[in-house]
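A single chain, nothing else alongside it, follows as structure tokens in the form predicted on its own.
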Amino acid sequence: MDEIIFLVNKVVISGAVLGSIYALGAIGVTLIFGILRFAHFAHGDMMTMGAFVAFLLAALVGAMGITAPVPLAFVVLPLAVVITAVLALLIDRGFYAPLRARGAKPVTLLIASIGVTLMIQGLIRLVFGSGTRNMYLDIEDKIIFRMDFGWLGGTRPLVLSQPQILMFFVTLACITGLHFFLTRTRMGKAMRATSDNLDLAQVSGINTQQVVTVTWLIAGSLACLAGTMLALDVNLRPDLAFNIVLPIFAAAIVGGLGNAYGAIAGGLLIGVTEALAVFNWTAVLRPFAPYLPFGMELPANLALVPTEYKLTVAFVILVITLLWRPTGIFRGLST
């Protein structure tokens, strides 16, 4: 029983947490690509920016003596989402919109997004420094829930932290809300039409400029949510999401670039697969050690991939998916 609980803790829960972050990030990436047709490499740093906005707001609220049963960073999240969404829109207006007006090609916008990445990182380090910060204030503690399974003969508890539980609820709420927005609202249908065919959407009377604005607002909001929830689960630092931007892009491509539902599936698939790949299977197979042939022993670490090479898992899945189904698991854009 302990082996099963250990597997659930290290693979199911950890994979679902990481997959939720990938999914929220990949939705923003795929929406931007679907509407504007360029890969926005600054999306990871928008996630970091959103986390720092939430951190600053939480510190201000905490200084007023306000407390809550959940982290203050989560309490101020709605306001942080609004601020980050506006900042994302300003980034578009200041950097990408002028390039689009001049007829810049997607590769030019991609290079510009790398410049925006460096700019955001530099501003964060200039204002907040390069050290690691705790999203929890001094008066707050990270709550850990431990579920005992002694009644089933196990001695190891199932462990879930408060930010992980909140992350699952936030991800579910975002996925549900996005589904209803894209399928039930006029703007959502306009976004889908623009993603399918920009020229046809324009001649059909759709306000594509308004679609672009809403796209950046949604992408910025999801980036703030993903970055803040990730920082609550780990720690806050200037390169918080920089190292996961490539798996986020891989998740978007695997799911089907330009398909929001595919981004969700791709994120969860890559998150769980990464957890499976770095999991030490010796811990689960140890009860079967006596049944091994004479002279054979289980190695101390039977992980499929060393932890330091976890990043390669996303790209292995990406290559396999592109060879098997070039448009992604769900049909994405062909361009």
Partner chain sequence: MLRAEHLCVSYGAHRALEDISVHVARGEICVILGANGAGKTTLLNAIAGLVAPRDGARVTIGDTDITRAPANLVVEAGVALVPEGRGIFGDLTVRENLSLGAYGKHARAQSEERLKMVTALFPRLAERSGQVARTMSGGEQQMVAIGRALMSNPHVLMLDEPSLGLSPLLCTELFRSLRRIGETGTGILLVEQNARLSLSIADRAYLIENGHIVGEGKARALASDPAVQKAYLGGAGARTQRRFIEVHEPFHAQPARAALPFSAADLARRATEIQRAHIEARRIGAQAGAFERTGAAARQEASAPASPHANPISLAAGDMARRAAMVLADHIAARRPEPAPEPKALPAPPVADDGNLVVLSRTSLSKTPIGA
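Positions refer to the first chain, counted from 1. In this text the structure is predicted, and so the values were computed from the model without any measurement.
If you look for the form predicted together with its partner chain, you will not find it shown, but the lines that follow are about it.
- For its partner chain in the model of the complex, the listed stretch (114-122, 223-231, 183-191, 236-244) containing residues with heavy atoms inside 4.5 Å is 183-191.
- When its partner chain is considered in the model of the complex, residue 203 lines it closely, a heavy atom lying within 4.5 Å.
- Contact check for residue 213: every heavy atom lies farther than 4.5 Å from its partner chain in the model of the complex.
- For residue 196, a non-hydrogen atom is located within 4.5 Å of its partner chain in the model of the complex, even though that partner is not displayed.
- For residue 207, a non-hydrogen atom is located within 4.5 Å of its partner chain in the model of the complex, even though that partner is not displayed.
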